[in-house]
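This document opens with one chain alone, in structure tokens, the form predicted alone.
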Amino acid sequence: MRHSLRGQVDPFIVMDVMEAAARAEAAGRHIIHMEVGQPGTPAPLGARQALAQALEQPLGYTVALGLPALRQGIADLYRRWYGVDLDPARVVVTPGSSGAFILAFSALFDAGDRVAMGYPGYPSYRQILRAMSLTPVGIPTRPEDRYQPRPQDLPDDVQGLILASPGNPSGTVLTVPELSALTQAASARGMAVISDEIYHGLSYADRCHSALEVTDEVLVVNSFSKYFSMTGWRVGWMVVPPDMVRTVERLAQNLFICPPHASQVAALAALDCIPEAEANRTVYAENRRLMLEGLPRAGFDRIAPPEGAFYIYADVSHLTDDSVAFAAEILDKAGVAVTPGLDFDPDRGSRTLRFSYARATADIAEGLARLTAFMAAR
């Protein structure tokens, strides 16, 4: 069978790590999961109860852009979180943030266009772009810049720019002046900007700022996966400029028909479950404190400042030049699953690891103890 060239994307390495961890668990081992960015908590109780009630009625197609009440609820969230008065007509509910990126790339770019992003960065940006016959262009970022791109780093002859705040894998956050400078520099170069804000709500000092606070000429992507603990429900959203709504709607109608109705019902109820989400964030904050104390003691002391999300990105170049093999060794000998940096930076990721602290605090403490013992014996 013939295979397309654009179908030959790289694997999502963290999924391979998850599979290896699952095999170890099937063999009877107890594995501490620090590899995947998945909350250890369930969807909010109110969301689960709302869906249970909705199951008594038929769940079918919704309109392509999502339930009107959910779009209004998301617009209300922007008013509360950012002070942004957002027309709900600009809100597009999507099948997870992944569906939002497919819609955004389809609406903005033509085959052969080049799209820039900071390295390290979320690997699926690159692979979705390649699958759509687009060219990802990496911007090597520096630890001293908190692994975020600078305006002077933006390349020429590029049609788009992806920003991520908080970043994955770094957890670092862009300030309002930084967002303003980057979006202005991109606009001056004729670049469309996509702002990935999927980890908003998960910050541990100042609040996260949306790109919509500095410009309307941006596509903002978010999701119920992280702050609302709804990864498996596959429901996200996108905010688009007014003149792009109909284009995105036509694409959504044909590519997805609509987001999952059941997940939209749960998501609408989740918007009223902020206290529960905030309680989860408090757990992450304690996990973060433990990680910032425990990782350096174990020997992982070259880390980005994790201002948001639930990740720590560590430079391990003094320990290895093969992060895939190092992660496999940690899983085998310590029983801790971590993610090789090659997922996030194809050029320098062989010398970095990402640690997730999204699970229960007891698991984080146990994982740190295992990592300390492993490093002492290595």
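Values in this document were obtained by computation on a predicted structure and should not be read as measured data. All residue numbers refer to positions in the sequence shown, first residue = 1.
Note that the form predicted in complex with a small molecule isn't included here; everything after this is about it.
Between 219 to 227, 178 to 186, 85 to 93, 71 to 79, the stretch whose residues reach within 4.5 angstroms of the small molecule in the model of the complex through a non-hydrogen atom is 219 to 227. Contact between Thr141 and the small molecule in the model of the complex is not found at the 4.5 Å heavy atom cutoff. At the 4.5 Å threshold, heavy atoms of Glu307 stay clear of the small molecule in the model of the complex, well away from it. By the criterion of a heavy atom within 4.5 Å, Arg302 is excluded from the residues contacting the small molecule in the model of the complex. Though the partner is left out of this view, Phe105 does not reach within 4.5 Å of the small molecule in the model of the complex, counting heavy atoms only.
Taking a 4.5 Å heavy atom cutoff to the small molecule in the model of the complex, the contact residue among Asn168, Gln264, Ser195, Gln148 is Asn168. Interface residue among Asn280, Ser98, Gln127, Gln159 relative to the small molecule in the model of the complex, by the heavy atom within 4.5 Å criterion: Ser98. Remark: none of the three candidate residues (His200, Tyr284 and Tyr313) comes within 4.5 Å of the small molecule in the model of the complex, counting heavy atoms only.
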